[in-house]
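We begin with a single chain expressed as structure tokens, specifically the form predicted on its own.
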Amino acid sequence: MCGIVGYVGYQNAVDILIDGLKHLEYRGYDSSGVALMADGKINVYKAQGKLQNLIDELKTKSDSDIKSNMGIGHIRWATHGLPNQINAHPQTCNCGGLTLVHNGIIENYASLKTELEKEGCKFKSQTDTEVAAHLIAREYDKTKDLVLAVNNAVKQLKGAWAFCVMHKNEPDNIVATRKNAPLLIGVGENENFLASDIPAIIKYTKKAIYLNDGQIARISKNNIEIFNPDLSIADNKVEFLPFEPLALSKMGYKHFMLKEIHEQPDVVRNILQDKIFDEISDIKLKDVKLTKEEIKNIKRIQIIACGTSLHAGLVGKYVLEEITGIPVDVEASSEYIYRSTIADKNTLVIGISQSGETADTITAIKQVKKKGAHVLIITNRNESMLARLSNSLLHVNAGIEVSVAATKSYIAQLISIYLLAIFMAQTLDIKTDLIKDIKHELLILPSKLEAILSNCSLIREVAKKYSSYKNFIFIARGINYPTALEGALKLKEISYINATGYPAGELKHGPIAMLDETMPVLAILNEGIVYDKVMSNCEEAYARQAKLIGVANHIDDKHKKLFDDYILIPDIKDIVSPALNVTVLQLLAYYIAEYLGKDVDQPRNLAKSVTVE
């Protein structure tokens, strides 16, 4: 997955391209590059490593070298070929007349490369993208029209792609197309834009056109043409972009991750607004289209997601089964898509994705739609591909999340799942004290989150104390087991400490062999049915001299001696406690990474939106 930006207009293109790439760094930072059209030729500049290296390279060029009103840019997360300057995009054909940038994976690139080499093409890189450059150039030699050339070329490709293409013979146009990879057109006045995601262009325009799979766009300074795969004229509507440029500011915080953790109380308020009003009234989910009859006929719920969203789905399993009594299966999208798809009209499939562009989840959702299942998508991007595939939609309304490590989008997903469970229960006329308790806890959750966020000193002290450890174990039971998984994931992602989450009861079935004074164990405890059981597991860890950290709403006096450190959260019903516990774990991971001097917002090898399988 990579970031693409394109510009044609009256401003200096390189400034807009670099600014756009800065806002797409969450999509990759192995290398970057720009191609600028000027005086009938295309100049390409590339650099290995982070975007700043490209910026430094451009500073060595004269103004005349980089003066241009049209160009394309790219920031790379490597899939084919090492992350070096040669493999960086843009990639060109042999004559240098055609240049393109690409996000995605071309699955049949090897056979195409062999074919093109037999025809005399010389390859410089190890990328699948260079194959596309040669292929489109070959088709251009036949047609002398860039739209036709791109259309003919993509018919020969297998996989996923978003392309932005320039040719020196068409100095006023950029041609773009997509299949299973995000790409949008920003609509301006005497200028137009292309980008993989909204943050790259929100500073310049609030109007966009979303391309559908297979469509091809030709954009110039004053014109946008969109063609369907059969080259008939398409009529895509212009849509209003939902975000403000201010969302891309750190607002005084050292890192976006810390800012986004602190935004969580307001994120919860935004989700609850117009949906839940008190403990008695029905909640409103206007984009959930499930009828009472459809819910009554649901025999099975499947939750499909990846990474952090998968952990939200695991919490969802506990909540949905407890409230509705419907069996729930949770599976990683990457595993789901390579098995027989067991779904039908009596299956509710819930896809969860922050970006709405997660490639594995998109593939899975397409598979279940063919089986007739009702698809409900929980996403932070209501304009995304997954949102467009949905029968029902829960927009989590968390705002732009810049840091690669998901925080506010996770808590937004959790709250959305609680709302969905309550909605399904009320539709089925299920009324319990538990539902009232959940409603009550949701309404006061923002203030409890603020209580944690207003006093982080203890969490910082604990983080500093344990920042030198090389391994970590997180344990919990019941609804907080997924919280243990998420806490371990956060620590791994941004500090590179080897952290693993376990069901606390599984500690003695193997992991206990690792316990000694060098192994911290973080236990999530909340007063409820599993409290005593988790405490027993803490006793086992204590007996092996492990360092014990407790995160709990209560630790009784007789057990305090077990813990080297403990962090108390505000009192909360067990079923809603993941929303508070995970905030503590997010902060702990953040402060450990900060003490270690890690690049918190852009951890190595990771990208925010995984748009390749």
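We number the residues from 1 along the sequence you see. Predicted, not measured: the structure shown is a model, and the values here were computed from it.
Not on display, but discussed next: the form predicted in complex with fructose -6-phosphate (F6R).
- Proximity of Ser355, Thr358 and Leu489 to fructose -6-phosphate (F6R) in the predicted complex is complete: all three residues have a non-hydrogen atom within 4.5 angstroms.
- Of the candidate stretches 107-115, 398-406, 157-165, 323-331, only 398-406 has residues with heavy atoms within 4.5 Å of fructose -6-phosphate (F6R) in the predicted complex.
- Residue contact with fructose -6-phosphate (F6R) in the predicted complex: Asp128 places no heavy atom within 4.5 Å of it.
- Interface residue remark: Gln91 is not counted as part of the site for fructose -6-phosphate (F6R) in the predicted complex, having no heavy atom within 4.5 Å.
- Taking non-hydrogen atoms only, Asn87 never approaches fructose -6-phosphate (F6R) to within 4.5 angstroms in the predicted complex.
- When fructose -6-phosphate (F6R) is considered in the predicted complex, Asp197 lies well away from it, no heavy atom lying within 4.5 Å.
- Only one of the listed residues (Thr483, Ser309, Ser384, Thr177) places a non-hydrogen atom within 4.5 angstroms of fructose -6-phosphate (F6R) in the predicted complex, and that residue is Ser309.
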